[in-house]
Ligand SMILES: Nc1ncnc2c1ncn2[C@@H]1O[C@H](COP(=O)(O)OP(=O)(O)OP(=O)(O)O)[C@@H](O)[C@H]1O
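Only one chain comes next, encoded as structure tokens, the form predicted on its own.
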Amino acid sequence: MANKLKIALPKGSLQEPTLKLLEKAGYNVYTSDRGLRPSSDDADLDIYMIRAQEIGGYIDSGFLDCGITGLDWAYENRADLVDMAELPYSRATTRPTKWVLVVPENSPIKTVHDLEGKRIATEGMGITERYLEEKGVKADIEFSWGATEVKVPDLVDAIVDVTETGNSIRANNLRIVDTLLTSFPHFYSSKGAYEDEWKRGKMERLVLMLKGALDARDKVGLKMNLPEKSLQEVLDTLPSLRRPTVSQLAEDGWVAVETVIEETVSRKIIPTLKELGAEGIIEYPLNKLVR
């Protein structure tokens, strides 16, 4: 029987950015509107589409070999996992997700210690409980099924909610008191799968490609032909061009230069390169950058 790696991908807000990341890494995953068992062009992968909140528990119990879920949900569930990589992407931006303690703008609550004996609503019960334990504060915590922001101040004194930009919090006239946890998605393995030589190798290769796709984000390749006499001036003037590939051209006195730069830098660099005599300047997108 062929080896299979049982892997969970997050269903919900992280689904689309996760599938796009996998595609950029070279793994095409095919989903349907209701399908929870996507197919893939990698026959070794047995894919499950599961809510991010549940993935850590299924990996910890051994039902799944590995998966991508947030550090926050692994922390929430106290899952005992092998953390193979942090994957710095998120649902809406490139910023991490933050779990924050929030109160109304005009609330007298200024610090977590002002919540002694108060009521807090949150989806992250475990995150909140562990935070209050660390701070030595006792408060009543209730689970929130959603729309948590509307519950203050009429139903609870404070909430612990998740945000990337803070825009929704400000729009609802709320104020952040403290940040409990900062989280990106991680690639997690069960201990059993990690001890299996074939599965560990498969996961390590997958992680390598995912990290390569993330490292290539917002970067472009740049290559050009350059008069050899201008090479040192280019390297001295443009510190972004670190360790470029330089090769001799068939025509005497010319070299080919190739490097990787931040995409936002190219608009400044390319005109300068032209002024230094560069010709045939090509900028090209990158899918993966493996360091």
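The model shown is predicted, which means the values in this text are computed figures rather than measured ones. Position 1 is the first residue in the sequence shown; the rest follow in order.
There is also a form predicted in complex with the named molecule; it is not shown, and the following applies to it.
Using a 4.5 Å heavy atom cutoff, 12, 72 and 91 all lie near the named molecule in the predicted bound form. Of the candidate stretches 209 to 217, 130 to 138, 156 to 164, 78 to 86, only 156 to 164 has residues with heavy atoms within 4.5 Å of the named molecule in the predicted bound form.
Using a 4.5 angstroms threshold between heavy atoms, residue 196 stays clear of the named molecule in the predicted bound form. Although the partner is absent from this view, residue 52 contacts the named molecule in the predicted bound form, with a non-hydrogen atom inside 4.5 angstroms. Residue contact check for residue 189: none of its heavy atoms lie within 4.5 Å of the named molecule in the predicted bound form. The closest heavy atom approach of residue 123 to the named molecule in the predicted bound form falls within 4.5 Å.
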